[in-house]
Ligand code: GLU
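Form predicted alone, single chain, as structure tokens, below.
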Amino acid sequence: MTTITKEIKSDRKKVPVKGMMDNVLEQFNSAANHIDLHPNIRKILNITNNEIIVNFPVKMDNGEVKIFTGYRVQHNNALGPYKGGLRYHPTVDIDAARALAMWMTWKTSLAGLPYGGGKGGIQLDPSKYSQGELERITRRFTFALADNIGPEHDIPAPDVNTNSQTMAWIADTYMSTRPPAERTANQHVVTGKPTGSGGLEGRDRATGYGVFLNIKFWAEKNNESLEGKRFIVQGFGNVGYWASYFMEMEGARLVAVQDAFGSIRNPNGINVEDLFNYSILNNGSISGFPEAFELDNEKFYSTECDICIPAALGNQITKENASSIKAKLIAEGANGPTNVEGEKILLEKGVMIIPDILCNSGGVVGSYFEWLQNRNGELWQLDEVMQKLDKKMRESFIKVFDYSEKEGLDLRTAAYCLAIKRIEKAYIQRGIFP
């Protein structure tokens, strides 16, 4: 396995999040109906445990004080501490955080991790702020959250427009508020940190690698090879890049990419590393890449391909564009990229969808490894991490695939059923207080 260390900018595409909560609830209730979920447990899982909204002031570089709004939603912790990312994006609001936190509950449960689900972030466009301003915003947000996060309570991680540096600021701020004797023991308050600050080797690529693995497992189930397969990627941030990197290593051909700045295509193939290097020099944008043609954004999903990897934000595949999709496999690198109406169209067309709570769970599995590493005072090597990730992702895929075939369900409903069953079992065994 080639070792590569890079800082990768996340996508900043502005998309509406309206309907995300409706989508996740419909998906949940469909699975709950199939397994005949106990009505009392259904009531509990239909709502969030805690919703934190903080408004806090930060001084800008020019001396002006701005007020920012931050969110942290804690959906459920029946299986362990809340776990989930923090995103910096203009679309962040309480409804988006609720939906994303609920998805994290299913994701951690399906992966067999000792975690619940949480999510949050700050409503802002980070491209409009300097590095110093982002550091102050992050540290002030962490201080405002106070004891609402913690290494055994709620463990944030990177998400859209946040990265290892963001996590390092959060960890340092949080540890600075602890008594001196407890500071180093709280290093695992966040995951996704730089390797020099307690981060895990390979955590940067874990989500994208997990997306690739799920596609590989799907191909194996169908007795197919990825060699020569054409794929398209929406979002060329951390997840989109690493998924593309490993797909290309397997012999697949990237033929179209879309990000916040535009869309490009080349039926003969786009070199992943060349595109990445170009985007770094082009302020994170793929637009104008000389080895590809510009493509109308509206035509991106209708590109001829075998595999589609939506790895940007939610609600990208809808009833408006689902019918034009040529791919026979959708591998959801983003959270909630396919809404309910779009999914119905795809399933009727016979398109296979590897759902987000399975497909992109490599990130939270990697986070769990980092959390364990910090908690136990260990240092894991890259090869060890990748092997453990491969094993864990394969177990999850086989479990979902076999259950879907046994029950005659699509992969998403099968994944939800398995995730919810694990939580239901915990409630049944423990009872409900008082």
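Source: prediction; values computed, not measured. The first residue of the sequence shown is number 1, and the count goes up from there.
The same protein also exists as the form predicted in complex with ligand GLU; that form is not shown, yet it is the one meant from here on.
Participant: Please identify the residue among 73, 232, 358, 364 with any heavy atom within 4.5 Å of ligand GLU in the predicted complex.
Facilitator: Selected option: 364.
Participant: Exactly one residue in 335, 339, 164, 303 has a non-hydrogen atom within 4.5 Å of ligand GLU in the predicted complex; which is it?
Facilitator: Contact residue from the list: 335.
Participant: Each of 23, 98 and 117 having a non-hydrogen atom within 4.5 Å of ligand GLU in the predicted complex: is that the case here?
Facilitator: Zero of three within 4.5 Å in the predicted complex.
Participant: Pick the stretch from 153-161, 171-179, 194-202, 318-326 whose residues have a heavy atom within 4.5 Å of ligand GLU in the predicted complex.
Facilitator: Of the options given, it is 153-161.
Participant: Mark residue 308 yes when one of its heavy atoms lies within 4.5 Å of a heavy atom of ligand GLU in the predicted complex, and no otherwise.
Facilitator: No, residue 308 is distant from the partner.
Participant: Please tell me whether any heavy atom belonging to residue 104 falls inside 4.5 Å of a heavy atom of ligand GLU, as the geometry stands in the predicted complex.
Facilitator: Residue-level check for residue 104: yes, a contact with ligand GLU.
Participant: Quick check on residue 84: any heavy atom within 4.5 Å of ligand GLU in the predicted complex?
Facilitator: Heavy-atom contact with ligand GLU at 4.5 Å: present for residue 84.
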